[in-house]
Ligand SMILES: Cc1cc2nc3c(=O)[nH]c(=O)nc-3n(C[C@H](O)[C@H](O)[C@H](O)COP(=O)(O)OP(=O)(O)OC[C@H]3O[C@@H](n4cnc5c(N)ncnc54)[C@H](O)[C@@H]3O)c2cc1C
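Before any questions on binding or motion, here is one chain by itself as structure tokens, the form predicted alone.
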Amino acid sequence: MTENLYINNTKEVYDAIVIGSGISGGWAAKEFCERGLKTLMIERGRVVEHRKDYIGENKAPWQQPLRTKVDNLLVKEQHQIQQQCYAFTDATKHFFGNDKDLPYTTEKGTNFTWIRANQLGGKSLLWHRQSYRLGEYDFNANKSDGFGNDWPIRSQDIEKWYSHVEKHAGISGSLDNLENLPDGEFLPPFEMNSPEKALQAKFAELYPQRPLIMGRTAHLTKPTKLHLSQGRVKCQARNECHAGCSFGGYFSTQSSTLPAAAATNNLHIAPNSVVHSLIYDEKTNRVKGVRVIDNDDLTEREYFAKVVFVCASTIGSTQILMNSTSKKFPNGIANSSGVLGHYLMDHNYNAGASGDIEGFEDEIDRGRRPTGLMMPNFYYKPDASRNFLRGYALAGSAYREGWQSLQHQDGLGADYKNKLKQAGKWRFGLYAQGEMLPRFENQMRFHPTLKDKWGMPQIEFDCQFSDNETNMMIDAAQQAEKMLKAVGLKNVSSQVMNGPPGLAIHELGTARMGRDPKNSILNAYNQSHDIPNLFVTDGASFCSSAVQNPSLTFMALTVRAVDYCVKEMNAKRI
């Protein structure tokens, strides 16, 4: 990628503007560019160049001043919220937002943890890479139990687009032939360690309807020619992904979609451009462009295009829509339904159980596998006898107790290796990832007086888990403990926590799709019901959360929407 890829001021009217450069924005730009459309990607943060700007990569713990920990003063001043994320370390802190510059409030609402990654590539540099399709039960869930609006699509509508993105991104996993978790286009799975294989067999014997499978993850276990042509090679199983991967072993905007888009010569990028609002023409009922504020000097500029794809993350996209007001849309653009900002969802991680595995003392792990195991949602069919709707998945892995601390101790050669073999007991845990119901009262809104450094109203969150999610987590802890005891673990204990939404970093639902324009923002193709040339393709479009990690569905919905949009443009309907 060359310097002329990046722009500041321009009078060009692009075919498409894509707001955001994360997982959804990267895919939108790639698909538009490869179809021959001149595309402008707008990113509010700085440029991050692949390989060059991974400044924390390959730094061992003993090479870091505080052995991966971040200085307490820096955390206090800039990262009180961000440091709660699993990926926040001294090697990755530069990929996270500065809380001081990115305030939000819960003073009249409830607690919510908002993790930010404002740079080219967004959270695609920091995601946990778990990649699962939604299935027919997931798309039918709202209609089946009457909670939430019906998804306007079903599995068959998105299946080929899942395949499209899986082949390009590279998803490792096993073909499990499960009714509740569709298979995909997989590279070979990572291998379970010996205790995990033994537990998998035991679960299959005692709980045949609750299989334990290898996590499906966006890592190149066996790259194809397509992946090699992207400049990517096999995952090295370092499990240091959040610092950036020069090998391109995992999927990110930088490693995959951005170079593909740039190779077409149809892409320009406007970095350090905080989108303030969309420019709406009431006479034509079209979005003409985007108003931005410079991230550094706070000057204003405008960009123009024939269509606009908003892919700035669930909360970021909704903030832009809410801040785009006009006489026709006084409460946010494309919000004739009044549901913009409502039905905010996140996954619930508040339960789990763990215990000791007897035996296997002579076994050690080789490499650092970048994924764990998964037990898919076994409550996928409605059951009136349960005291909650929907269900949860369980994730886990087997590990040597004390392994992490021993890695950081001094030692060399055979004596050190032998000490690692005595790293403590093997342990195994199962931890819930539960569905959150879509509720109107769970929302993000604007604070009436507080503003950020760019002059935009601060977001106020009013979002909490309901009794349904609490009951679900109680059941998850009970079931996990029961199963671990049944398969032979010792000293099993379980816990139910009370953490607020946000830390799953799976925000969903604030500009949802739907069949009825009276209770939704978008149609079945992520197109605004109100404004034909406006699309939203990230998590804001979700009608329900299901239990699966949502990023793969962001990708599939985005490429499907681009395909539809280009056809509509060619037919002169947009």
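In case it trips you up, residue 1 is the first one in the sequence shown, and so on. Predicted model, so just to flag it, every value in this text is computed and none were measured.
The next section is about a form of this same protein that is not shown, the form predicted in complex with the named molecule.
- With the partner omitted here, the residue from 198, 115, 269, 262 that has a non-hydrogen atom within 4.5 angstroms of the named molecule in the predicted complex is 115.
- Between the options 348, 172, 256, 124, the residue in contact with the named molecule in the predicted complex by a heavy atom within 4.5 angstroms is 124.
- In the predicted complex, none of the heavy atoms of residue 354 sits within 4.5 Å of a heavy atom of the named molecule.
- Contact check for residue 557: no non-hydrogen atom falls within 4.5 Å of the named molecule in the predicted complex.
- Looking at residue 119, you'd find a heavy atom of it within 4.5 angstroms of the named molecule in the predicted complex.
- When contacts are judged by a 4.5 Å heavy atom cut-off, residue 320 counts as touching the named molecule in the predicted complex.
- Note on the interface: of 50 to 58, 515 to 523, 24 to 32, 528 to 536, the segment with non-hydrogen atoms within 4.5 angstroms of the named molecule in the predicted complex is 24 to 32.
- Scanning 262 to 285 for heavy atoms within 4.5 Å of the named molecule in the predicted complex gives 273, 274, 275 in sequence order.
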